[in-house]
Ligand SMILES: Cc1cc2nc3c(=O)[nH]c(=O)nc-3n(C[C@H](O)[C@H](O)[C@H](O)COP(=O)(O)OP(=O)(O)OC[C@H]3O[C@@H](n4cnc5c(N)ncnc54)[C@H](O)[C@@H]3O)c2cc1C
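Take a look at this single chain, the form predicted alone, given in structure tokens.
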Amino acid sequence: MSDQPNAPAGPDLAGGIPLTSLADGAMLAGHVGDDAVLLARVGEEIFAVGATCTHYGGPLAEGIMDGAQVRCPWHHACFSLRTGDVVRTPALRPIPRWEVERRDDRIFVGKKIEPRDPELGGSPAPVAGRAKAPASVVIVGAGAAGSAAADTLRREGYTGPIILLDGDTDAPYDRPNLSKDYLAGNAPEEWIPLRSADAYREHGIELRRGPRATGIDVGAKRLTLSDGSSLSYDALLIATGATPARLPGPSGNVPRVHYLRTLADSRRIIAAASKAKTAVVIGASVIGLEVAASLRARGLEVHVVAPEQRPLERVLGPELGGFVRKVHEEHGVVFHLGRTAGTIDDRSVTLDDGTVLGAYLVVAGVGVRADLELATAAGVAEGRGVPVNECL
């Protein structure tokens, strides 16, 4: 995660700008001193906030303004213009705010307003005796959803114990980057954690990593863990996310076929890439294409095998699917579309039409499935998902 702001540009907002230069619903990038500041107008309200997304430094002025919120153009993190708080992940930290003054027909940006909590944002004071507050909360899954839920509980004034439980010893971390800059070799591993361990401790969030939750006694409100211990809770949030779909048939269990879900998975692919000259990526999904691009950045010859006629065609349609293919081909990716992987051995992948692709490294990116093990144990899973209401 990046803390490096873009270089300030645009007008000096401390010196003032004409009111007419900022239309209703518009945004303007400027600066106050060395700080990049975004000015936004919603009706008669004018807001001044940090112009840089706290996730990876995306320029918010190039994003989308929706009412009193702004969405980053890079990974769609969303922030409140009124408070600077995170409204939607993947960003976790708030953006700063500035005082705004209107004098006659000009707008002036004044003093910087520091958030009450630089990690969580403008947390309200705890509300004594808040109705129906659970005595304790356990969150199973320390991904983006689980981590954001823990943050939100603290931001909303919950003061009880919070335990964030995950079988992954590296969690919580920025999972989307595992197939992008980190896999490409352009981001150090120090960027991957969502927060430092100290930040969780400072906010009273207990991280338990390693043992997995394997069962639930709903009546007793108790979790069974993989190390034989148990954990009681008053409120339980299941945020286990998804697991990679496996290749069908015997190919799905071939040891040298890599799947990408965890930081450990990404490390293994990087280690294998260091010994390989050619890679085969099975699946033209978003993950598959990101892996292909990252391996090309590492200098490997990359072949993508997928049954579709165009990558991402079912999601984007034929025109954009063709555009995506062209972009990847311009960077050296070779597509084998309308094809499936037949057999995979130690040195090659044989396609259904008999084509043999030599490859030391094989990565499968053929989709994901919801991880419903605990939801099924709790009796809330139906089919391939969990029914929810408008509050989730």
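Each residue number is its position in the shown sequence, starting from 1. Everything numeric in this text was worked out from a predicted model, so none of it was measured.
The following text describes the form predicted in complex with the named molecule, which does not appear among the structures shown.
Taking the partner from elsewhere, A239 is found to have a heavy atom lying within 4.5 Å of the named molecule in the predicted complex. Of the heavy atoms in D12, none are within 4.5 Å of the named molecule in the predicted complex. Contact annotation: A144 falls within 4.5 Å of the named molecule in the predicted complex, judged by heavy atom distances.
Contact annotation: S294 falls outside 4.5 Å of the named molecule in the predicted complex, judged by heavy atom distances.
When the named molecule is considered in the predicted complex, only one residue from R261, R82, R106, R154 comes within 4.5 Å through any heavy atom, namely R261. A heavy atom within 4.5 Å of the named molecule in the predicted complex is found for exactly one of A273, V137, L247, A213: A213. For the candidate spot formed by G167, P176 and I287, every residue has a non-hydrogen atom within 4.5 angstroms of the named molecule in the predicted complex. In short, of 311 to 319, 253 to 261, 155 to 163, 228 to 236 it is 253 to 261 that has heavy atoms within 4.5 Å of the named molecule in the predicted complex. Annotation for 360 to 380: interface residues with the named molecule in the predicted complex are D371, L374 [heavy atom within 4.5 Å].
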